[in-house]
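What follows is a single chain, given as structure tokens, in the form predicted on its own.
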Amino acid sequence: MTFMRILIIGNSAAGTAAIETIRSQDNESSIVQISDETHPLYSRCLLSYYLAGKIEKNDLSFRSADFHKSMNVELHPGRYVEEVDPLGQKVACTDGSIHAYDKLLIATGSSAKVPDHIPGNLEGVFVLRTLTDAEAIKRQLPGAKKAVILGGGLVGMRAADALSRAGLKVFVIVGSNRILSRMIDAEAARIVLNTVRDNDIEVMTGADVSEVLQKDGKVVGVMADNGLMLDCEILVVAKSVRANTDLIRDTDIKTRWGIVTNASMLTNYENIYAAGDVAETFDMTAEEYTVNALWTCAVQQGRVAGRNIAGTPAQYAGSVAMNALNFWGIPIISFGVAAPEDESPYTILKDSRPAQNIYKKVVIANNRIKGLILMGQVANAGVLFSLIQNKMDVSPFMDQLLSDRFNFGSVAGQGGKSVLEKYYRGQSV
């Protein structure tokens, strides 16, 4: 095996998966990893639980403290890459250090976008993307009584839940006509909204923050664009994110929503890969290239990139938008094109039982599942997701898809045997 200098920028899900995959095949090449964070490996998915006090800081870790040492990786924490030189095969950091590479993996993730009219440097104004963010919010909690969350997506609603459980009165301002608009449809959102309000969280849809009110350098409230003024000591901005592509802004590495990659996770350079929230990949259900900023996708992409870097060809089948959360005992899972604006091209199956907080929806096109929402009853989510991944024709058992008892036994005799075998062997597709 040829010795290589492998450089990985980013130290989270995609970078970790790539390291483990490379080392499973190559123990000789050098791996250098640069991260702008100083914290040990932690799961971003658990930050809201940490903020709510449900778990301790140590519970955020998803690898041991000696992970990098055990993998023989030279880690440089707290270091920012400001420039990538694809032709010179090196990167430059803000501290003046230069790192050469034979193969490069960009796994820099994404960052929260703060609208220009919101002063991000004002005390009490936060985003929630990193452990540093969560710790800063926790330091603000003593003495705080009210919080405003700008954004009703997954991060915004998790932040609202966490701050409510921390004892604050929480008000959520949502720009769209419903909460969780990228995850669930209007009917499901109404069921969730009732539960949210039952737990003393106020929500205002179709609105935005027009002005942040401040005193002595601290946020004291916000003015909504409908004229409503809300007092608060904490404002969390959770409207949207952007891929961290600034380090390649002066290069010809192709970008659109993120860094454009092919099925090998390669960019338009034969030795530069991208994976995770910064990478644009093919979405299997939407049938278009986009960024699905999800932990599971980042892990899968990191593994594919790692195999190709190590010289074992692998292909990424594509991502599927998927989200999961649990509000006050109501589990919610969505996959794929769950809430299409125009439902006319699809066959839509629904089972709605609002009194029981149960809602199920399957979106089908050409006899294949393109998206689904499961609320209240999510036990067969794995079965349905496998059908999506395998692009299986569901017409023979379409009338059973929403049954509470639907399982692989329902499809095994209808051409689903191979899907069943893959599922139980833990194979990815």
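Throughout, we count residues from 1 along the sequence that is shown. No experiment lies behind these values; they were computed from the predicted model shown.
This next part talks about the form predicted in complex with a small molecule, which is not shown.
Participant: Answer with one of 247, 284, 166, 220: the residue that has a non-hydrogen atom within 4.5 Å of the small molecule in the predicted bound form.
Facilitator: When the small molecule is considered in the predicted bound form, the option within 4.5 Å is 247.
Participant: Evaluate residue 255 for contact with the small molecule in the predicted bound form, applying a 4.5 angstroms cut-off between non-hydrogen atoms, and reply yes or no.
Facilitator: So residue 255 does not count as contacting the small molecule.
Participant: I'd like to check something about residue 37: if you look in the predicted bound form, is any of its heavy atoms closer than or equal to 4.5 Å to a heavy atom of the small molecule?
Facilitator: Judged by the heavy-atom cut-off of 4.5 Å, residue 37 is in contact with the small molecule in the predicted bound form.
Participant: Residue-level question: is residue 295 within 4.5 Å of the small molecule in the predicted bound form, judged on heavy atoms?
Facilitator: Result yes; residue 295 sits at the interface with the small molecule in the predicted bound form.
Participant: Answer for residue 303 alone: is it within 4.5 Å of the small molecule in the predicted bound form, judged on heavy atom distances?
Facilitator: Residue-level check for residue 303: no, no contact with the small molecule.
Participant: Heavy atoms within 4.5 Å of the small molecule in the predicted bound form: which stretch among 354 to 362, 141 to 149, 122 to 130, 337 to 345?
Facilitator: Contact-bearing stretch, as computed: 122 to 130.
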